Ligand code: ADP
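Below sits a lone chain in structure tokens, taken as the form predicted alone.
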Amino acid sequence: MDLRKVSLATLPSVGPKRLESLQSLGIENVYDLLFYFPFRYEDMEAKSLDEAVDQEKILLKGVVASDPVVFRYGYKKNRLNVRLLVENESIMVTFFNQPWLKDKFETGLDVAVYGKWNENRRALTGIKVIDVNNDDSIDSVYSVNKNIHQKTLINLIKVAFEKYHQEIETVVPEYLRKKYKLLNDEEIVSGVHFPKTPQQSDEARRSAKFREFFLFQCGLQSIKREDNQKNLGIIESYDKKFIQQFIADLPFTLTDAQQKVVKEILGDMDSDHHMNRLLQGDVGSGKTIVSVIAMLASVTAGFQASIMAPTEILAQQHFDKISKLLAPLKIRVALLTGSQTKKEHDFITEDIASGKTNIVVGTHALIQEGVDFKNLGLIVIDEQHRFGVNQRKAMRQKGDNPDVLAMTATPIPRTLAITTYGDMDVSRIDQLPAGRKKIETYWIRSQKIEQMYQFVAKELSGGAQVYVVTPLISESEKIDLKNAELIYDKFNELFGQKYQIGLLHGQMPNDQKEAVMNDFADKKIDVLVSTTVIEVGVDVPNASVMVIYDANRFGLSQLHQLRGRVGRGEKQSYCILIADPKNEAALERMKILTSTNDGFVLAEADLKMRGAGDLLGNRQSGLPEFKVGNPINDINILEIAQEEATTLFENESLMNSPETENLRVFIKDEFDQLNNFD
């Protein structure tokens, strides 16, 4: 029996009003009710007074030693006092605003009360009265709302389990349950809702976490498979010898990590598998050359390739680099941006449509109507989290199911990579090019700011350029943060007679922003005071100092991205964090950032400290909601679940065997909505 199709109305006392109340919790059917798990447990094992810890919630058993008395005070406020004899000691128990509990206490009666212990007063603030004969040592606590009470929900779950427990079908295949010592679904439901011991609860929850992660990963794998079946990829049979020679002729040697991801990407392109791959690499790890190799391979296979960047300055930067690299090979590269004249635009789009242009570098202009490719084989999307779902989709529609390589310099924690990118193949460059100097990072408090000025003066005299970043544009009365305009004035006062100081912020017109950044890149500006608009993509090799005001106001990943604007040339580079952290979390961020340059380590730490938050964009704005598992804390279970789901979907005979029949049915029904998961 499929309990997802069994109405809650089949349970006693569930009428239209209660149905509506359950639906407000997301409970639509009997399956939802049985798998609506508690978010925590309360220890219902009676403690002796010797074991009681101050302010701890405990269960005390005793004999009612006095008649209960209700005192009324204030507006609709009251307290109930009753004395219990517990281990020959008289204990005062007080319940607030629960006068109806008076009937539970009768002198000489055995009772059990759960509440918070006050060691100084030797008294208990009661929370609830427990059946003294209750054998359960653990009480489940559920997330409820004003429409339904804990007790009502617990009773409904008990009734549903008694009526339907034999109908609960297990979806995780037996070979996996044996391999990882997991419970079946009936045992999971029983053990999570009604555990007799903490050990039973732990075992059931471990099995429930694997089950939840595994089903989610199977859903993503089914989408991936369906996408591949619907959209058979184009085969880009590239010229292997030509590409090998191009790599050999580069003025530098690819790192092992770059060679590995190049092999993965070219392997996808040379197959009928539709490539949907995410290339993630830390700042300066060399993603651009990997994308150039992929685009060149596509061209040698007779296709066109394109790379879409989020800003004109980044697109121009890519165009310059790619043109220079490919100039000796007579590969035609074009730049398409929104600021070009109509005449320039029409000339470029005509060459793209005719196939004369081999590689197109552009911004959002690439996805506009009237931009048509003759034979688009590969799309590279740089800083892909900066583009919305619809923009990425529009780019893919420019060709006949072209291969897609998405790139990001924002290190993505394993948790997010597994959950939000589970339908993509992930390549990772986790190695910096040889000879790249480590950026030295220092943290100072604001009272030592004079030291920073002295250091900046020394670096400027040696020909360096300096970024100065602040969280606000102009002064705010509400928040005491350093602001760009004030700091710009200060740097002008200190250095303006000898050096050129520039100002950049998000409220400037785009053309003005571009002009300022170009002046900085051309060394016409020595010190650039800016908000975080310079966070991603700008490459100024001569800039070797990054000063960040109020650094405690930024997340770790954002600070790392800002730091990555320096260290791109031959000079030793420095990052100076100015911060007066007010709490332990902010202090910890400063310590972590000064201890490592590894963006992936920082991304993991950031995720743990801040949660999923807004580390990524649009669809990547956070983790999927899981009922039992916590992807951050339970990363090991999540990784195993992903590996097993991937392995299963690669094994056709096992996937179609009787052992996985329940799983196949479940996935088909449960994950139909994930087909919209971009």
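The first residue of the shown sequence is 1; numbering continues from there. Between two forms, the rigid core is the largest collection of C-alphas that superpose within 1.5 Å. Fair warning: this is a prediction, and the values are worked out from it, not measured in the lab.
Below, we refer to the form predicted together with this ligand, which is not included among the displayed structures.
Binding-site state, shown form vs this ligand in the predicted complex, superposed, 3 or more atoms under 2.4 Å of backbone or C-beta: Open pocket: the modelled ligand, placed by site superposition, has no clash at the 2.4 Å cut-off.
Interface residue in the predicted complex among T470, S557, S427, S285, criterion: non-hydrogen atom within 4.5 angstroms of this ligand: Only one listed residue qualifies here, and that residue is S285.
The unique member of T152, S271, N492, T253 whose heavy atoms fall within 4.5 Å of this ligand in the predicted complex: When this ligand is considered in the predicted complex, the option within 4.5 Å is T253.
Touches this ligand in the predicted complex: I487 (any heavy atom, 4.5 Å): Because no heavy atom of I487 falls inside 4.5 Å of this ligand in the predicted complex, the answer is no.
4.5 Å heavy atom contact, R436 to this ligand in the predicted complex: Yes - in the predicted complex, heavy atoms of R436 and this ligand come within 4.5 Å of each other.
Contact label in the predicted complex: I289 to this ligand, heavy atom within 4.5 Å: Result yes; I289 sits at the interface with this ligand in the predicted complex.
4.5 Å heavy atom contact, G496 to this ligand in the predicted complex: Residue-level check for G496: no, no contact with this ligand.
Which of 241-249, 361-369, 539-547, 84-92 sits within 4.5 Å of this ligand in the predicted complex, heavy atom basis: Stretch with heavy atoms near the partner: 539-547.
Rigid-core frame, C-alpha of T441, shift of 2 angstroms or more between the shown form and the other one: T441 C-alpha, core-superposed: shift of less than 2 Å.
Is_shifted F252 between the shown form and the other one (CA, 2 Å cut-off, rigid core): Passes the 2 Å threshold, so yes.
Threshold 2 Å Cα movement between the shown form and the other one at S285, rigid core reference: Passes the 2 Å threshold, so yes.
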